[in-house]
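The form predicted on its own is given below as one chain in structure tokens.
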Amino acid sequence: MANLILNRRRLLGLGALGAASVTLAGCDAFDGMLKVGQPLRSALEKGNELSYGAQRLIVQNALAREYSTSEIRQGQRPNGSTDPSTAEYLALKANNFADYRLKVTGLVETEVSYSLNELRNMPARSQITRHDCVEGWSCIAKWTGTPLSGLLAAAVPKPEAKFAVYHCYDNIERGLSGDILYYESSDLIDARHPQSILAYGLNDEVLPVANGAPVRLRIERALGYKQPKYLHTVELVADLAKFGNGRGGYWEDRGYDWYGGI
């Protein structure tokens, strides 16, 4: 039964992501029908809501598949931004991230902040997993970092906290008003998942800038755009309405599925 639901979830998720890709590609035949708020788009999004609910009901604690070292056949392919140019990030990079801080803020009892060295000295987890990109490619790599759950436990989320918003140095786009910074979000179930780690290592080396240094979040049961690079703040919130266009992430604001589960 679980396999059936997971297969259905994957089909529904890929259908909605395919719709998003058509919209972003500007396909004239479907452009109007697949805009946010249109009936066809809404129907596809309902499918994603169904699969998200089924996953949470039946297999919310399931682990993503992990691989053997022999299955790492290439370096992790960089994607999206590969070298942010914001002044703050450039200053941190110039000093080898010695002044970097990872913060947990928002709806918590105690806001916390950790240096990169402090993160590296916390209990660590290494996992060899497959990164699946919505563009259609995948790559197996070994990620090392500290579980996000430990930082959340130290901050003590308030009862009204339902989501984690991930803020990044990644100036993925420049608009008329300046840099547009990448952001993502998840529910607290995914944030606390044992494979959700603040990765600072890749394939037994220091995480490269092109792959998200100094810290990249890995949410291993989700597609690649849910793995934000250049992370600096985890903000716990009750809803996502005030961020971007209120859909939970940079690509979600442009039509992608918020859950992005695989």
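Quantities reported herein were computed from a predicted structural model and do not represent experimental measurements. Sequential numbering from 1, following the sequence displayed.
The form predicted together with a small molecule exists for this protein as well; it is not shown, and the discussion that follows is about that form.
May I ask whether Gln76, Cys168 and Ala210 all come within 4.5 angstroms of the small molecule in the predicted complex, judged by heavy atoms?
-> Yes, because Gln76, Cys168 and Ala210 each have a heavy atom that approaches the small molecule to within 4.5 Å in the predicted complex.
Mind telling me which stretch in 62-70, 190-198, 218-226, 232-240 gets its heavy atoms within 4.5 Å of the small molecule in the predicted complex?
-> Comparing against the small molecule in the predicted complex, the contact stretch is 218-226.
Indicate whether the small molecule has at least one heavy atom within 4.5 Å of a heavy atom of Gly80 in the predicted complex.
-> Gly80 belongs to the contact set for the small molecule.
Please check if Trp143 has a heavy atom lying within 4.5 Å of any heavy atom of the small molecule in the predicted complex.
-> Judged by the heavy-atom cut-off of 4.5 Å, Trp143 is in contact with the small molecule in the predicted complex.
Is the gap between Tyr89 and the small molecule in the predicted complex 4.5 Å or less for some heavy atom pair?
-> No - in the predicted complex, heavy atoms of Tyr89 and the small molecule never come within 4.5 Å of each other.
4.5 Å heavy atom contact, Ala154 to the small molecule in the predicted complex | No, Ala154 is distant from the partner.
Taking 4.5 Å between heavy atoms as the contact cutoff, choose which of Arg120, Lys103, Arg125, His131 touches the small molecule in the predicted complex.
-> Only one listed residue qualifies here, and that residue is His131.
Interface residue in the predicted complex among Leu116, Ile172, Val112, Ala161, criterion: non-hydrogen atom within 4.5 angstroms of the small molecule | The residue in contact is Ile172.
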